[in-house]
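Listed next as structure tokens is one chain, alone, in the form predicted on its own.
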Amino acid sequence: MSVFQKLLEIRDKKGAGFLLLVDPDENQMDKLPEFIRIADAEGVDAFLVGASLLLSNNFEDTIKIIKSEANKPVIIFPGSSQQISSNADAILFLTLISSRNPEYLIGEQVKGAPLIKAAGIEPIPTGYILIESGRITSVQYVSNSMPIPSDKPDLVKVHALAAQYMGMRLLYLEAGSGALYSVPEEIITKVSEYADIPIIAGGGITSPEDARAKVIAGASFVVVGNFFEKEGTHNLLAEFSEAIHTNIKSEIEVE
């Protein structure tokens, strides 16, 4: 079974998938194994690894630690074509569909494609859409891309449909790491009603309630990363898991 098929299976079984984003630059390597073990035990469904910028040489080691401590898919969430590793299971083959910068529409993809083939990992074509989040995020600055205003859901809808028609298998609605505001539920709902590919929602999600709201609005997967880089947050992993896994929660309530 491919990683993409596993993700769909998780969504169908649990209601939505909980994806934990691990930034190689923001996690202390000596504490990472324990964090991964806790996350694995508390219901994280897959791990994303990547960063807008790599300021350290921890990329490969981060992937290896996750692979050794958890039995869940490790998927690269690349900030550039340099973030490719044969140790991962798959990679989100991103097209920054909301951008007008050709480097992130086709340039980085052409650079990365032969490296992905050589690495032997599964590419998952993903339409990546930046949503305005109250501040300039790293991905916005690095990609030199203007995010779609958060009060313009129709603009997001047509970009999402274009991604679907171009053959993308996932749609990633991104507010950005450290965003002041997460992607509005109105946008997620309207996109889920307009396009027919699974939605990943990420950026600025700081509570189980917010995560659950994304799922209820129509997200198939919720990404949380920056929040768990703070001290004293690891004990909330189980709450996020329960909030995101709406089917499992419903079964518990019925029983």
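A residue's number is simply how far along the shown sequence it sits, counting from 1. As the structure is a computational prediction, the values presented were derived from the model and not from experiment.
Not on display, but discussed next: the form predicted together with a small molecule.
Asker: Quick one: find which of 62-70, 224-232, 33-41, 207-215 has residues within 4.5 Å of the small molecule in the predicted complex by heavy atom distance.
Answerer: Contact criterion met by 224-232 only.
Asker: Is the gap between L21 and the small molecule in the predicted complex 4.5 Å or less for some heavy atom pair?
Answerer: Contact check for L21: yes, within 4.5 Å of the small molecule in the predicted complex.
Asker: Do P114 and the small molecule come within 4.5 Å of each other in the predicted complex, heavy atoms counted?
Answerer: Contact check for P114: no, nothing within 4.5 Å of the small molecule in the predicted complex.
Asker: If you check in the predicted complex, is E132 within 4.5 Å of the small molecule, heavy atoms only?
Answerer: No, E132 sits far enough from the small molecule in the predicted complex that none of its heavy atoms falls within 4.5 Å.
Asker: With the partner left out of view, is S177 within 4.5 angstroms of the small molecule in the predicted complex by any non-hydrogen atom?
Answerer: Yes - in the predicted complex, heavy atoms of S177 and the small molecule come within 4.5 Å of each other.
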